[in-house]
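Read the single chain below, which is given as structure tokens and is the form predicted on its own.
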Amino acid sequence: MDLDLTEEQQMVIDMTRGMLAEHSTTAIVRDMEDDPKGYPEALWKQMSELGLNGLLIPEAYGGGGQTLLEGAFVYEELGRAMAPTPHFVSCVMSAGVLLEAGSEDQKQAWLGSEDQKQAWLGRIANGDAILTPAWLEPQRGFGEAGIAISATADGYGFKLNCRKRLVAYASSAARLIVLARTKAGVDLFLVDPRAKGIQMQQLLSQGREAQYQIDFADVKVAAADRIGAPGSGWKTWHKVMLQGVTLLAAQAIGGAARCLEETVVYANQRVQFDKPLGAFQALAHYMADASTRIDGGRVLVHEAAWNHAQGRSIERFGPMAKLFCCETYRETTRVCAQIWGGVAFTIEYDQQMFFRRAKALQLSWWDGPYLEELIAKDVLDK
């Protein structure tokens, strides 16, 4: 693996960091906490104009056609800025599902009036449409067995009766990608969130992003809105999730790095007992250990993303990256909070924002125990 960045990759990093410095300041992030919409229009517009929303979408569908490695560079910057954006659910997971299993009709599904015709993937890439997965069910796990709700076949196609939780940015979604169980197995469905029988309720979460509970009561879904072959939904979802968790690992490393950087500045400025906090060996060792873990996690992320770009399996690397990097993020924020002292947990300081997001990211999109199961299975099967 070549660890040197190309000129184009460095440009992507610099461009993303510069844009986020203006459109994802900590003040903006604070304003978006618990907001029903959850993201600022200015940030979303800038991401679209810079081509970041379509970064991983092939050029044939209006995207930039970049690899997962370039995506990891962008996601590290999003993590540094704690950027409030639906990019992951729409431009990574939803776009990934459509690319992996969607028919050409679904990829090119028209929306809006005649003068606004554009493909689903094209609309995702330019920011005109947000799609989000409706995946997790109450008191159920992350695995295939966790999809218990059934899509009952009828004359129209299917009927959905279920409850989905932690559906991110659902209030802004043009379509939901719903995981449901049919006679063939787990399937994926494109569902209009404004369809009859759907009720939406905002949930307050530790990460403070826009999360919703969605109840489906006899919601009709056309047979043509099933994504992929019957019973292929979980295989598609798992494959896209491997890419997704790799990017979330990069996001975790970005957050950990920014948290540590601010703590190092504070430790060099805050004087106690006539010398800076950083001069105390115990605190210096905390920061040294955190720096080591962050650098190790970054290499692991790049290795996972690079292998994917080379067409190799990331069945082990993706979960390893998410497991290690989210633990690193959580541990770094804990150590940094100790160095800052009690003020780290007051609303006026930014450290509590990193702390909360680290734990929320660790628990979501495959948590530690599930990641360990995936890694162990791959190790033992080999």
Partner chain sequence: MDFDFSPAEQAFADEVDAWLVENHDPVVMDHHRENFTQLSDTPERRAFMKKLAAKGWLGMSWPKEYGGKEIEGVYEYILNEALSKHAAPQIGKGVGIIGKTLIRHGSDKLKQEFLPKVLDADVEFAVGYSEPAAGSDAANMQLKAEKVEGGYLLNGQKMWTTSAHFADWYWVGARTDPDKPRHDGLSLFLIPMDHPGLEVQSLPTIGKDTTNQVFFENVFVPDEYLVGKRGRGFHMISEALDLERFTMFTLSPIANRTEVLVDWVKKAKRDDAPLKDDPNVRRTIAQIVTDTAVAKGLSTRFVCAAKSGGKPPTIESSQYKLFTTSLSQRVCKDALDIQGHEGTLMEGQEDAPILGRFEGAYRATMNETVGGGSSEIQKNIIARRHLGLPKNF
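Computed from a prediction, not measured in an experiment: that's the story for all the values here. Positions refer to the first chain, counted from 1.
Unshown form predicted together with its partner chain; subsequent notes refer to it.
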Exercise for the section: Determine which one of 52 to 60, 309 to 317, 353 to 361, 39 to 47 lies within 4.5 Å of its partner chain in the model of the complex, judging by heavy atom distances; exactly one does. Expected result: 309 to 317
Problem - Any non-hydrogen atom of residue 349 within 4.5 angstroms of its partner chain in the model of the complex - result: no
Practice task
With heavy atoms only and a cut-off of 4.5 Å, decide whether residue 184 touches its partner chain in the model of the complex.
Solution key: no
Exercise for the section: Using the partner position in the model of the complex, report whether residue 373 sits within 4.5 Å of its partner chain, counting heavy atoms only. Expected result: yes
Exercise for the section: Considering only heavy atoms, tell me if residue 152 and its partner chain come within 4.5 Å of each other in the model of the complex. Expected result: no
Problem - One residue of 157, 146, 278, 207 in contact with its partner chain, assessed in the model of the complex (non-hydrogen atom, 4.5 angstroms) - result: 278
Fill in the blank from the handout: None of 232, 213, 172, 291 but one has a heavy atom within 4.5 Å of its partner chain in the model of the complex; the exception is 291
Practice task
Enumerate the residues of 1 to 37 that have a non-hydrogen atom within 4.5 Å of its partner chain in the model of the complex, in sequence order, or give none.
Solution key: 1, 2, 3, 4, 5
